[in-house]
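Presented as structure tokens, the chain that follows is alone, the form predicted on its own.
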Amino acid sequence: MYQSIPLSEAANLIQDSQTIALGGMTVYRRPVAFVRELLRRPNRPRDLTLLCFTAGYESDLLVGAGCVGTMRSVYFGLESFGLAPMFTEAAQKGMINILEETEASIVMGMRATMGGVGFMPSRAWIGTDLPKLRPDVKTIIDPYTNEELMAFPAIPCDVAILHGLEADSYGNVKLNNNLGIDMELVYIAKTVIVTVERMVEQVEKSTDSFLLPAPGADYIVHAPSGAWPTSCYPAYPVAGGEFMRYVDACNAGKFDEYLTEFIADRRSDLG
């Protein structure tokens, strides 16, 4: 059975050096309100491993605030709005550890965790230079065919944070169809937190949404506009002007000023 808790309580569940996963895709349905609350903490978490299929605005804020020690993602950027400025700077200066991932490696690592095994074999990466960047990824010999395969290690996850359209009193959550790897994160995470735009009596299935059934979420948080400035279709679109304002601030060396304004935003506190 899930628990309904406020944002502040949800953010306090994150501890130093944990692996946390942020759901959504690029600039769509990201758990921005949760990240804001995490950054409001007087003792912000440190040395986090951030796991994302694609990392974006919300992840860049965590990197810029010094919360992330290791990054594992297939892509880190702001889509049509360009590079993620704080991640790009941290990567160029060697201030953050990057575990290179591809679609295949991240999926195989999650499948291993879901299967309760230490690794998942695949033909991916064979014949490439990618293993040089990931010495933890070994090769094995298929005992049935004698074929050489890559053995992708299981990916652990302490907490996964997703954002959805709505949830009901039973713990069902409606997500839109732009799922990314949200459902897989639910299976591999020890704890699942879902922020939602609204609470309803009963979530109904529809053709433009996907249902995360109970008991997928351990904690549900009411956070209106919780994905803004990323989009949460069909509630609101991407706020392009805000993305441009963020990039301009970072390029002008004013990340700290932007972060202060970001933390002061109370739009998601109405829940």
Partner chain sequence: MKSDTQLAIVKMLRIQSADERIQMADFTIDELISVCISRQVVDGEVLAQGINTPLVMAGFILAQCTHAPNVRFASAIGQSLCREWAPLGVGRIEDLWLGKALIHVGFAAAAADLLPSYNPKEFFRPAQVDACGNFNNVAFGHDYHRPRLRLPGTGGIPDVTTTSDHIYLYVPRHSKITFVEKLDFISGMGHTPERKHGHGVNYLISDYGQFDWANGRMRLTSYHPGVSIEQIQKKTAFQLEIAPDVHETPPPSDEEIRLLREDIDPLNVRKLETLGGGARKDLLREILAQENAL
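Positions refer to the first chain, counted from 1. Quantities reported herein were computed from a predicted structural model and do not represent experimental measurements.
Unshown form predicted together with the partner chain; subsequent notes refer to it.
Remark: none of the three candidate residues (T113, H163 and E204) comes within 4.5 Å of the partner chain in the model of the complex, counting heavy atoms only. The partner chain in the model of the complex is approached by F81, whose closest heavy atom lies within 4.5 angstroms of it. Taking non-hydrogen atoms only, M199 never approaches the partner chain to within 4.5 angstroms in the model of the complex. The partner chain is not drawn, but in the model of the complex it has no heavy atom within 4.5 Å of G109. Put simply, L48 is far from the partner chain in the model of the complex: not one heavy atom of it is within 4.5 Å. Here is the short version: of M244, A214, L211, L39, the single residue with a heavy atom within 4.5 Å of the partner chain in the model of the complex is M244.
The candidate stretches are 40 to 48, 60 to 68, 219 to 227, 25 to 33, and the one lying within 4.5 Å of the partner chain in the model of the complex by heavy atoms is 25 to 33.
Shown without its partner, the chain has R123, A124, W125, I126, G127, T128, D129, L130, L133 in segment 115 to 133 as residues with a non-hydrogen atom within 4.5 angstroms of the partner chain in the model of the complex.
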